[in-house]
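The chain below stands alone and is given as structure tokens, in the form predicted alone.
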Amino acid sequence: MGKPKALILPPKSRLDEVCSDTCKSLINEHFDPLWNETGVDYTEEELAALIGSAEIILTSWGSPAITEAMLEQAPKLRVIGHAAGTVKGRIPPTAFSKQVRVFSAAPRIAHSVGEYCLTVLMSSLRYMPTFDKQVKAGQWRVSSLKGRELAGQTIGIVSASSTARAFLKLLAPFHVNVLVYDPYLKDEAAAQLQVTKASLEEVMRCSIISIHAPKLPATYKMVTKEMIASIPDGAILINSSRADVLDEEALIEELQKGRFFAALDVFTKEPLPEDSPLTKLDNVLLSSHVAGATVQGHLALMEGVVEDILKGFKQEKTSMEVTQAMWENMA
């Protein structure tokens, strides 16, 4: 039996970012690959012309979306693997009814996001942005600020998503207490994660809060103005998920009071406008939607997907497969 034919959509410039040499060897060993030699991303028309004989399609950022019409033209298609995050908007849900298995590298990106959350949390607890600015201005311990330790703190988590779970693993050595708001989190799963289920209101009153909710109609501005006003003085708020999950205008109003600190990686308008009030605040640490972007993380994306696809072929348990049951609550 011949190797399955695989379309590798990313051009070399992007492939070298998301596909390691080990991954390329795996693809050549197990698949009959058609590499994108055009130097640019395929157009929808170009992909449609190639898809007819494909059994496996590997995509990433910049790759054209798979349409329902394309699925109709691909009777041999068995697997779509996305070496990036969400597959919503990139693959039609009808793929499941056609018995096409879908894989996403989102779980690997989640680890990178978890590291971002730990990084900004530790920096914020020790007031590193403030101390850095003071020393560079020639000021030496002029502030009465004193850093805080993470060990033993109570942390509120909004949504037990994959990024939240990655963050929780990194928090484990610090023996923190964790409250989680997630209406879909079962008691058994909460016990396995060693967290306490709580209401959203309870989570938003914690001294450390990390937002991990996906962007869905049900999560739009679910963190209300009143909840933001209830954030305790001196608290730390981290948002590495989506800005639409909370009322951004209300958040800015509260941050302008200087009551608490925020580390924000996502915004309702991106790039963040230069005149945004957030850029004027000393109690806000800003980054440009890069929580999931690391050299090692990106290079592992396609390799993780390919390894998981091979596990699926052997009827072994997969970790990156997206099922139809997962679809509705995914970002």
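Keep in mind that this is a model prediction, so the values were computed, not measured. Throughout, we count residues from 1 along the sequence that is shown.
Only in words, not in the display: the form predicted together with another copy of the chain, which the text now covers.
Contact check for 111, 119 and 296 against another copy of the chain in the predicted complex, heavy atom at 4.5 Å: Every listed residue reaches another copy of the chain in the predicted complex, so yes.
Residue-level contact is defined here as any heavy atom of the residue lying within 4.5 Å of another copy of the chain in the predicted complex; does residue 140 satisfy this criterion? Yes - in the predicted complex, heavy atoms of residue 140 and another copy of the chain come within 4.5 Å of each other.
Please check if residue 30 has a heavy atom lying within 4.5 Å of any heavy atom of another copy of the chain in the predicted complex. Residue 30: no contact with another copy of the chain in the predicted complex.
Tell me, yes or no, whether residue 281 is in contact with another copy of the chain in the predicted complex, where a contact means a heavy atom of each within 4.5 Å. Contact check for residue 281: yes, within 4.5 Å of another copy of the chain in the predicted complex.
So in the predicted complex, does residue 258 come within 4.5 Å of another copy of the chain, heavy atom to heavy atom? No, residue 258 sits far enough from another copy of the chain in the predicted complex that none of its heavy atoms falls within 4.5 Å.
If you check 201, 72, 132, 253 against another copy of the chain in the predicted complex, which one has a heavy atom within 4.5 Å? It is 132 that has a heavy atom within 4.5 Å of the partner.
Pick from 173 to 181, 243 to 251, 89 to 97, 227 to 235: which stretch has a heavy atom within 4.5 Å of another copy of the chain in the predicted complex? Going by heavy atoms within 4.5 Å, the stretch is 173 to 181.
Interface residues of 284 to 306 toward another copy of the chain, as seen in the predicted complex [heavy atoms, 4.5 Å]: Residues within 4.5 Å: 284, 285, 286, 287, 288, 289, 290, 291, 292, 293, 294, 295, 296, 297, 298.
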